[in-house]
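Only one chain is shown below, in structure tokens, and it's the form predicted on its own.
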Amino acid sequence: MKERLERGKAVTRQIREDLRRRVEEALRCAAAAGDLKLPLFPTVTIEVPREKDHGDYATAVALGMARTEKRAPREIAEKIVRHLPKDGVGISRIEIAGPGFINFFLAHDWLHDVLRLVQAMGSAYGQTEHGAGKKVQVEFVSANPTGPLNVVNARAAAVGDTLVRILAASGYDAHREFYINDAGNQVARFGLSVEARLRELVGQKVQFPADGYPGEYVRDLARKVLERDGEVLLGLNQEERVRRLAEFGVREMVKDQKALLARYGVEYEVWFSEKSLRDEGAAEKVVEVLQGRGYTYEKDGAVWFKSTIFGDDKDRVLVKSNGEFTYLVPDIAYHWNKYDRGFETVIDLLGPDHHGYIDRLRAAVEAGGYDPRSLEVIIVQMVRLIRGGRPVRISKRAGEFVTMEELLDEVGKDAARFFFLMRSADSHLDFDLDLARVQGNENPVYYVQYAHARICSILQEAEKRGVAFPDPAEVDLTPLATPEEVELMKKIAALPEEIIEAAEAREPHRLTVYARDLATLFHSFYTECRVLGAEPGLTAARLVLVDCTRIVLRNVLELLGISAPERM
């Protein structure tokens, strides 16, 4: 059993690597035998063919060698196959197809080893040590604490949280972080807005700030503070009153943000305060360091950062002529702080209005002495909510946008997260509110969750009938030979590699595609293959297969931050 598990681990994590190694070894052997010239050693890429008839894996390496070898790709492919080592993953047959593709068809016994591995690893199946413990920080949402979280924040939260889960499953030491913008002009305007509403509530005539925050939530904050400390605050001078109200408002908004994100399944390791950076003099330190390194100059009474030295399209102001820092300075301090805390890779999820901010941020990272390639930025695009085939524009509470809380109230956490993760973060997304509420297979999250619930029902029915679940280490799995069974096993075996690819590409939406594909394969299997009531040996093998599907569906849904219900 131990030998089978080790083989299973090697297969699920290293199928492509094993085939790549064997093709590279075949190239070396062919060159040593004089069958190939090999003036330049080619890059060997192993891919999964789009067509099932083309095998489980394939390589086009022979096509790229035609010019240097001065012979037909098919002839090169034949030489490679002739010298291919026999060790490693079991290959049932190899075909040379088309102009020179090498197609590999794997033996099914390795799939049986994978099923045993899934049973042994359970909730850990799919996890690897690919990332080797490298420290990665993912900062996402980081919304100003001056208003409710909106649907774009909800999308960023789903993407960022799932990315961290995937990175952790791939062996990285991954951390979530929320940057609280609790300093600067927007906080001052927020304080003025709450103060204006407070004075209105006690009957005073007041002109609301032209650049203030008009949402109903500001009036709610004013009511709350009036009940607590109204008399005391109204007795203060305006400057002190605004300062206290700003602090109160930020505190309340951050508390609400934390509660709402927790309801959404997002728990941050760190909530980092911009104010803390400013209080410890980090902004001044940034300017001092950049000046000391010769990366600044003065113009029109302001201090400028020579960001064009590092690839930015123009230089940036650090200190305005009135002595105030621009918002870039605390952002630089914050990113330098990330590296000083030992993070090897820093990933920022930013809104669609931040495209122009990327180059100046990378310039600041390099100017601080850090590798600019270690800073990655993912742009999370806009979301358009659709109801009844038409865009939803107005919020009941905020007056300007639909809040994240309203969205969760309407469709729930699972549908929200799944829908936000169905497309790449850099693509615009139409979110169909009507579809998200449908309790049927046309709703993709319902479709996936129903597959899990159906499997649980099968296992419960087996128990009712007195059909014992077989010992995965002893059961004969060779009866699993129909096309539906084989395709389902292959998809189960692909999970570790799918997770690694999603982590490396920073594309968590790949796992929603995987989950839907797996659910589709299971539903097809269940339609064609009888589980209970078949002959005992076949029933036993199929029970292991459906339970492995359940485990994998549950594991994928957990990575997506979505529940795996046992009944629906």
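Quick caveat, the model's predicted, so the values are computed rather than measured. Superpose the two forms; the largest set of C-alphas matching within 1.5 Å is the rigid core. Note that residue numbering follows the sequence shown and begins at 1.
Beyond what is shown, the protein has a form predicted together with the RNA; the following relates to that form.
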*Which one, 177-185, 410-418, 120-128, 190-198, holds residues whose non-hydrogen atoms are within 4.5 Å of the RNA in the model of the complex?*
177-185
*Contact residue in the model of the complex, chosen from P479, G98, G230, P209 - any heavy atom within 4.5 Å of the RNA*: G98
*asked:* Under a 4.5 angstroms heavy atom criterion, identify the one residue in R28, H523, K37, R506 near the RNA in the model of the complex.
replied: H523
_Contact test, all of V44, L236 and E280, partner the RNA in the model of the complex, heavy atom 4.5 Å_ = no
*Do K299 and the RNA share at least one heavy atom pair within 4.5 Å in the model of the complex?*
yes
_Given that the RNA is not shown alongside this chain, does E535 nevertheless sit within 4.5 Å of it in the model of the complex, heavy atom to heavy atom?_
no
*Could you confirm whether Q381 comes within 4.5 Å of the RNA in the model of the complex, counting heavy atoms only?*
yes
*Evaluate T326 for contact with the RNA in the model of the complex, applying a 4.5 angstroms cut-off between non-hydrogen atoms, and reply yes or no.*
yes
_At 4.5 Å, heavy atom to heavy atom, what parts of 403-437 sit next to the RNA in the model of the complex? List them in sequence order, or say none._
R423, S424, D426, S427, H428, L429, D430
*Does L63 count as moved between this form and the one not shown, where moved means a C-alpha shift of 2 angstroms or more after fitting the rigid core?*
yes
*Spell out whether the Cα of S524 moves at least 2 Å between this form and the one not shown when the two forms are superposed on their rigid core.*
no
